[in-house]
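Next up: a single chain in structure tokens, the form predicted alone.
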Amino acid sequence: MPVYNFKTMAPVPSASDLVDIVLTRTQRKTPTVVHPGYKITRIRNFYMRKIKFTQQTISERLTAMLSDFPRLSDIHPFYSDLCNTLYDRDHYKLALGQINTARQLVDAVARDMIRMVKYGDSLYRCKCLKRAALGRMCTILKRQRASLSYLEEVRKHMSRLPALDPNTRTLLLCGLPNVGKSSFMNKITRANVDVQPYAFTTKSLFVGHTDYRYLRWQVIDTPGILDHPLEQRNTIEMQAITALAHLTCSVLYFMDVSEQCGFSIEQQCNLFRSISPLFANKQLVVVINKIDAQPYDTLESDKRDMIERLVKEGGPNTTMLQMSNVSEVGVSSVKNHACDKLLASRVDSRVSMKKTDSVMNRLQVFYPTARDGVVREAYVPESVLRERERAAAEGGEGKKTRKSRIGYAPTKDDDDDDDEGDETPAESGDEMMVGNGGGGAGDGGRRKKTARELMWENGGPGVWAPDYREQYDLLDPEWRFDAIPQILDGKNIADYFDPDIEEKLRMLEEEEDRLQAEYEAADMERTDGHDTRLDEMETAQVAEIRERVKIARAYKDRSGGRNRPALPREIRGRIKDCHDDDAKLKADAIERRLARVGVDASSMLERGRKREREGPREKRRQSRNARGDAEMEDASSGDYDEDGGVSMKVEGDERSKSKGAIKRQRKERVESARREQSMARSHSRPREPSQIGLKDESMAKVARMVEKKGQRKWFGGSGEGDHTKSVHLVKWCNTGKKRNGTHYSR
């Protein structure tokens, strides 16, 4: 796991964005209205709260920014020097110092202005002090524009740095450009570094991971290094120098003997000597690469001597290996050798540390003392002695006893002639022959098969399991394979088992089957219509009635009750397909489906066709209003019963309405008729249309329709007599927002 993770750093806003964030949060989180009745103490607290909240918001933002960025003196020297190489240590510290100074200045401004607001003698004075305080704070933030933009660029670059651990097992690849470092890294890791046939393809550090000896290894690919003084090296080269200087690793120095990289062997040797001080206390492997293009054996003698002399100059920790990325010859051996060298050096360094003394102090070694003068020889089994005698008689050590290798993978320690003994001989029972007859005394060269051998012979793991009852140690060996009793409530279930229970269960099942068959036969005779008292037509009617009763029961007992939609959800709102005869919303399909359950849908379909033939929505609404007016007139001229009620007849269109709707409609008609009667008897309303300036009843009807049409516009709205109180909006809610393309929310 990497020690430092720079990807969690929060973005750094610009100066203008930071001002907007602070002022918007202050406006949103603090009160915004000062009412005329406030006392001066409350007004002071109002504006002091705004100043204090703004100061706290700025301080929180700047403190989080300072804590996110690492302190170069507290992190690993590798990251410290890498930051110095990439971002300039002085510029980095100066930017963070300016942010810290700005935070202190904001705190001082808030402290001074709050002290002045405490002595404000009017609303205007307190408001001016608040504006001055917020303005000075925002001015301080705007002056940090350059530092904030620089820190944001640093954060972006640091988030792209490789997440490497400076303390883990590491292989570091270095050398001149285009000598095969990135290709080697792609071979041994899962990384995908760009490889191109020109120099400086790799411009930064790349990290990959590989496994060796069940351990995770970190492989770092560095940019190419040129042979010139340290002061003339650029930022790309200095990244490799920083990694070489600070990481405890195994260094692989790559050399191109084919000189296809554009550098001669002499130049590569000179670079090795110039950076050799960085190889101190490190395991070094000189990798001779591209031997597929130029074999090392056919290399010129002077160049070969130059390389060998270079390896000797490297010291005892330096070795030389050959490989080729194209043919993959020697790739794994280079990796394994470098890993082994680093592991050995890490073990030696830990042993040489002072911690080993504390561990040795806790170890105690005991030497036994002789209790008497008797010499006790080591005991050797007789079978081993016989095997030694047989081997001595044959002359030499002889072959080892052949063992079964069933279920085991072949290893390098197996003999070549053991392949023929891999399969277990097909012996009867659980015994088999030992390879050279080295069995126990009197066993005739036979031995018992192990549980592992039996498992592989009978299907492998999960298919066969040994019977452990053979190993039970009981008083009587014959008890080993007895069924273990099942105990329930302290009693053995087998003691209460009826030996005749199977026969009794069989007889009960036969009796149950016989009774069921008799009941079904009687039911068939009853439902098949064999009753001689009914004729053929009556039998058909009875069958139809029973079918309808069954449908009604199914409809009544369906899930969800009667509160289901008129149309299923799957077809609600779906357009009818005129070309599909089986469409669910088509009239013929609806009629067939309802007829299947015994419902006559002719009247329902006729109403639907009638509504389709009507005009658009506006015409239907006008006709509905006109029909209502006509019904009111009919109600006014209707026949009255003896009790004073109005006798109404149910019209044909009421058949399609529910009972509740019909009752409500009748009640409205009766009430409207009685209201007309009452108004006609009073003197406040003229009885005849001519008395109100209209010619006849038809003109009065037109006037009523015009009046309704005019009232329809303001039904549900507020009129002249309605008292409304508008919402109180402050000025900042209505002005200064989204004007001329800006987004300033203050």
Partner chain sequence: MPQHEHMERHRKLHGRRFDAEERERKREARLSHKRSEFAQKVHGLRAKLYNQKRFKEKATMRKTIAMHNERSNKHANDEAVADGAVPAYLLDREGVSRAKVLSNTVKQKRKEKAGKWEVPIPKVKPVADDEMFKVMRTGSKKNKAWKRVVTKCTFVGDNFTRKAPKYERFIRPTGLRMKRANVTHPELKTSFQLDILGVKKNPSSSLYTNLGVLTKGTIIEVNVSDLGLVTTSGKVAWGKMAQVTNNPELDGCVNAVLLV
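Positions refer to the first chain, counted from 1. This one's a predicted model, so the numbers in the text were calculated from it and none came from an experiment.
One more form of this protein, predicted together with the partner chain, exists but is not displayed; see below.
I need the one stretch from 491-499, 597-605, 94-102, 189-197 whose residues put non-hydrogen atoms within 4.5 angstroms of the partner chain in the predicted bound form.
Among the candidates, contact is made by 189-197.
Give me the residue from M455, L284, V207, L343 that has a heavy atom within 4.5 Å of the partner chain in the predicted bound form.
Only one listed residue qualifies here, and that residue is V207.
Between I140, M320, I236, L129, only one gets a heavy atom within 4.5 angstroms of the partner chain in the predicted bound form; which residue is that?
After the contact test, the surviving option is L129.
Is R160 a contact residue for the partner chain in the predicted bound form, using a 4.5 Å heavy atom cut-off?
Answer yes; at least one heavy atom of R160 falls within 4.5 Å of the partner chain in the predicted bound form.
Is the gap between R169 and the partner chain in the predicted bound form 4.5 Å or less for some heavy atom pair?
Contact check for R169: no, nothing within 4.5 Å of the partner chain in the predicted bound form.
Would you classify D121 as touching the partner chain in the predicted bound form, given a 4.5 Å non-hydrogen atom cut-off?
Flag for D121 set to yes.
Applying a 4.5 Å heavy atom distance criterion, does R125 contact the partner chain in the predicted bound form?
It does: once the partner chain is placed as it appears in the predicted bound form, R125 has a heavy atom within 4.5 Å of it.
Within 4.5 Å of the partner chain in the predicted bound form, which residues of 101-116 have a heavy atom? Give them in sequence order, or say none.
If the 4.5 Å heavy-atom criterion is applied to the partner chain in the predicted bound form, 101-116 yields M113, R115, M116.
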